[in-house]
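Coming up is one lone chain in structure tokens, specifically the form predicted alone.
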């Protein structure tokens, strides 16, 4: 299918969605909400309508933590690609052959047994022991990028985006000179997860995925000849029977998942610190407090806002009969604010005892494989940032991502208090 035809289909669907949004349809309002609007006000309006809210688009929407958690763990529900949620499948081709989409063709969008088979291949790199061994290098990476900051800077582009791309690139075995390109690819993919808005955006996505396919093909060939201690080497040498599609998609998923969740966790954490200045001192002083701080950011303002599941058979859910294939939009960000699960849910409390019960990393078989890594990076980055710059303050308007699925800042200008910085460095 040509990019022009696909873009035209997306335009038609977006027009339909906007029409339904105008009459208050919950599914349509989530998909079409403006990037700078507060989605949480909309989620609370949906919550007020009940646990299972019917959409005229042929779906249900739920803000209930109990229901979201139940569906995520129920093997009667299956996952599918996000473009299916937009009702326009995206198939990109080059020279007549399908291009591997590093997200849509990955195990993130698969169901057992393929999901189980592919996830197991990279699981050893994300065990608690493996992550503990990597914590020292993460601290060093954080310190390296903090050393480059001074005065006024953009905390997203110059820090929050730099740390996770360095970490995941090291895991994959990507050379230093290619890490900036990897960051660009990760951001481009994130902006299109919930669909595309224009022919230009679709063309850019097409070009990005072609670039990634070509690059990873070359990297895999190099690692076959000269294997190292990284994920790509592990996959091409220990699992030589893997198809090229599985190799490209698995590495691409790790790039995206390892980058986007953490960059937005750090950025959203900085914003929460600005909104709650009483948390800055303990955040800068205590690594343990920083862990709770990062967890509460994940609960209250998570990078991933929602996900979708389809019942593979007719079934009952929370008193509602769902026919086979009826989509259910699980509002993870709203579930994290469910007052039946979290006391005083709108309050930002880094000491909250059950903060880790959030669903920001999903649950069940699709629980984020990189959750532990993201938690470590987020806590260390936020702790060290405010330890180094305890007087950090906003220095201009925040530019939000356009995506409705991924919530975070593209630009977050800040300024450092020079006197306090000097004292922090001297005492560190």
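Numbering follows the first chain given and starts at 1. Keep in mind that what you see is a predicted model, and the values were worked out from it rather than measured.
Although not depicted, the form predicted together with a small molecule is the subject of the following passage.
None of 271-279, 301-309, 337-345, 200-208 except one has non-hydrogen atoms within 4.5 angstroms of the small molecule in the predicted complex; the exception is 301-309. With the partner omitted from this view, the residue of 115, 76, 139, 234 that lies near the small molecule in the predicted complex is 115 [heavy atom within 4.5 Å].
When the small molecule is considered in the predicted complex, only one residue from 155, 265, 283, 165 comes within 4.5 Å through any heavy atom, namely 265. Taking the partner from elsewhere, residue 39 is found to have every heavy atom lying beyond 4.5 Å of the small molecule in the predicted complex. The shortest heavy atom separation between residue 52 and the small molecule in the predicted complex exceeds 4.5 Å. The small molecule is not drawn, but in the predicted complex it has a heavy atom within 4.5 Å of residue 254. The closest non-hydrogen atom of residue 366 lies within 4.5 Å of the small molecule in the predicted complex. Contact check at 4.5 Å (heavy atoms) against the small molecule in the predicted complex: all three of 361, 370 and 373 pass.
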